[in-house]
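As structure tokens, one chain now follows by itself in the form predicted alone.
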Amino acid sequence: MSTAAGAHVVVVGGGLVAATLTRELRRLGHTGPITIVSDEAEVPYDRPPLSKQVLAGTVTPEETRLLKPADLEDLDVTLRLEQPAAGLNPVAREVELADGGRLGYDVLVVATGSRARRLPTVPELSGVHHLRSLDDATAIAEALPGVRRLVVIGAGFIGLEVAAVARNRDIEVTVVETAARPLSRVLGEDAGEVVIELHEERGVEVRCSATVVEVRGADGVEGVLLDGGEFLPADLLLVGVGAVPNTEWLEGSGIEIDNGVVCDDRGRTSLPHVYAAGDVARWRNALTGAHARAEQWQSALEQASVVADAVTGGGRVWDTVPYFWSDQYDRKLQFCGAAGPVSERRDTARGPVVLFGDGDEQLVGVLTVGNPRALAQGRRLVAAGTAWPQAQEWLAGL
């Protein structure tokens, strides 16, 4: 599905995929117009700092921007901000905009990302926050100096990163998680134990196997009631219970959607001339064979690069070992591959390392805390399809 160098490429979504794709298209010689359509007022910005450095005040909102004014001019890209997409007509090759306008394309890249999942039991109260956008992060950063007690619903990466920032400010923090361990659905029990130790050592109270059944407050949040009857007071409540792909605007277009826009290993969707990448897309990984929505910065970056290659006539596929990281306190949690049903942990001098096997004698994933060298080695072992006994020998030698 390559296209002419002068074709009009439209990207719906104004995040990492849009910025990376634009740079890559120009680098690969694409000369046609590029238009980025975004429902936000901001130019594409980087999201990882939002739950960490922006809240800590070490990175300003301006420093998160991925495309500076000079970049926009050099890349000759047209931005259409505060323009939500409302529909897609693949026959006419048009994106329908919320203001009634239509935007034609030769190639469309769907990169509308995801949004924070909402809980029906959590009302819209002052002091209740979700974190997905720059506006969300700015609001939390402005509120934190006046906060004494923070409750986080959901022990996912966003919630844990905010908990770490708050503890560094001496705020009392309680994390409430319905599962038996943090991140256990994603990384398993061993990884969950590592996370609990990391946070409890710094004074965070982690309540697992607990559910918030009521949020109390009149003019603002006052606290939450747990299913066991305990009331936890809070000045600020962060809800971090996952994300939902933004695919509603594609309904009726005929594009295949199944927990995200379904793509092959080159980002091609079920519609001709339409690609998707990033959090909104469910790609097939040619190396692992997995077909999943990644929600990872590194995956979005790589997928945008593969799509640019495909649009300009290349033949690359997405075949790297999935990777993500999370900065919490002074430690970096890094994970690559997949969390298989078998795991083994070793506490090295640099920090814990957890191996994951597929149950069929092969290494499929590695988690490290504060040990980037081990993660890099582990990622190569996963990519090489290392046998489980050999991986255990490597772990023992760390």
Partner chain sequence: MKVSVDQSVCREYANCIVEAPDVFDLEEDSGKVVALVVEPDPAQFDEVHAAAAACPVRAITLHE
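Keep in mind that what you see is a predicted model, and the values were worked out from it rather than measured. Residue numbers count along the first chain shown, from 1.
Omitted here: the form predicted together with its partner chain. The next part is about that form.
Ser38 falls outside the set of residues with a heavy atom inside 4.5 Å of its partner chain in the predicted bound form.
None of the heavy atoms of Glu344 is located within 4.5 Å of its partner chain in the predicted bound form. By the criterion of a heavy atom within 4.5 Å, Ala210 is excluded from the residues contacting its partner chain in the predicted bound form. Its partner chain in the predicted bound form comes within 4.5 Å of no heavy atom belonging to Arg26.
Using a 4.5 angstroms heavy atom cutoff to its partner chain in the predicted bound form, none of Arg268, Arg284 and Gly314 count as contacting. Contact with its partner chain in the predicted bound form, defined as a heavy atom within 4.5 Å, holds for exactly one of Gln298, Ser253, Ser133, Ser184, namely Gln298.
Between the options Asp327, Asp235, Asp190, Glu94, the residue in contact with its partner chain in the predicted bound form by a heavy atom within 4.5 angstroms is Asp327. Note on the interface: of 317 to 325, 76 to 84, 217 to 225, 197 to 205, the segment with non-hydrogen atoms within 4.5 angstroms of its partner chain in the predicted bound form is 317 to 325. In the predicted bound form, the residues of 49 to 68 lying within 4.5 Å of its partner chain by at least one heavy atom are, in order, Gln53, Leu66.
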